[in-house]
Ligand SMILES: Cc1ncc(COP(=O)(O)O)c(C=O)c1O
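One chain is shown next in structure tokens, namely the form predicted alone.
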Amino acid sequence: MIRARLSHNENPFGFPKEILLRVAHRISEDTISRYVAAPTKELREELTKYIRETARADFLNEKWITVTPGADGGISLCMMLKPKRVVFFPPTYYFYYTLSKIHELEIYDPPLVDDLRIPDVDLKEGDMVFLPNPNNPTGHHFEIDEVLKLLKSPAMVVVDEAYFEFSWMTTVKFLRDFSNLIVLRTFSKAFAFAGQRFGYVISRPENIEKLDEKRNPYNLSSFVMELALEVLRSREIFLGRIKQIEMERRRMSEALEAIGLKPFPSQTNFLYFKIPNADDIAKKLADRGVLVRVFWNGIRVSIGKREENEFFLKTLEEVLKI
């Protein structure tokens, strides 16, 4: 029996029932039975307002965004532009590799160097860089000068801000000066929306136009869009929960250090630590009801509810003593 599912970086608190009920009560039969182009006018307006407020980007308007089924949908949409080469810096988000193979793209993946910094690379016209910031699986945030160095290259730079609400650091403000920047976001993490698949893309209008040419105009359900709209209008509920997750993350980090492990500093809803025999330890944890993920010879553990985290820590200590 699974007692702690800490493998997919989901929001442990679930989706607020009161928001679900509000949407269910106001949704009409036509909303369900008719095709609705994405995004709706109301959703586009509310989303633009949220981005402008959180990024202090007054220059941005509704022509600077489009919507996708989760951030993964945004990654896939960018890859549909068919870059000559996609560039990653491992350890990085594993699904970049999966989608690159699906789209049959050439991969160039020099690893991070020193203290997880981006290496010096010769980026060319036609390259597309994918950079999760904060990074997945390490959880650390890349410095602004590192990102700017990429933006000053001839490559298109896609900054994946799936964990933006945990760091509140964004590259959106650089869109004013750099036409080669695309920013991806998702509701899956901070807004407990993983099962509904809602993401969005922020970029210059000319880039959004190119992406929309590749995008199915009905790529999101009307129900998902109504839910997303209500999430934005009720976001204070979620922002309060983020504080709880961050407090648990600090507590878990200290507990891992106390048993001799060294979790990376994290600005996300997960922790990552290197450990010998990571695959074997993860299997032993799974046999005892705890699910975690193994990446690059380390373990990534999502921050769950207090009781889930306690069970993980207790079980991990038992496994390490075997």
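For clarity, every value in this text was computed on a predicted model and none was experimentally measured. Counting begins at 1, following the sequence as shown.
If you look for the form predicted together with this ligand, you will not find it shown, but the lines that follow are about it.
In the model of the complex, no residue of the candidate spot (Ser253, Tyr272 and Gly298) has a heavy atom lying within 4.5 Å of this ligand.
Heavy atoms within 4.5 Å of this ligand in the model of the complex are found in one stretch of 66-74, 25-33, 274-282, 49-57, which is 66-74.
With the partner omitted here, the residue from Phe238, Phe166, Phe142, Tyr93 that has a non-hydrogen atom within 4.5 angstroms of this ligand in the model of the complex is Tyr93.
This chain appears without its partner; in the model of the complex, the one residue of Cys78, Ala162, Ile202, Ala228 with a heavy atom within 4.5 Å of this ligand is Ala162. Among heavy atoms of Pro83, none comes within 4.5 Å of this ligand in the model of the complex. When contacts are judged by a 4.5 Å heavy atom cut-off, Thr138 does not count as touching this ligand in the model of the complex. Contact annotation: Arg117 falls outside 4.5 Å of this ligand in the model of the complex, judged by heavy atom distances.
Using a 4.5 angstroms limit between non-hydrogen atoms, Arg215 is distant from this ligand in the model of the complex. Taking this ligand as positioned in the model of the complex, none of the residues of 273-301 brings a heavy atom within 4.5 Å of it.
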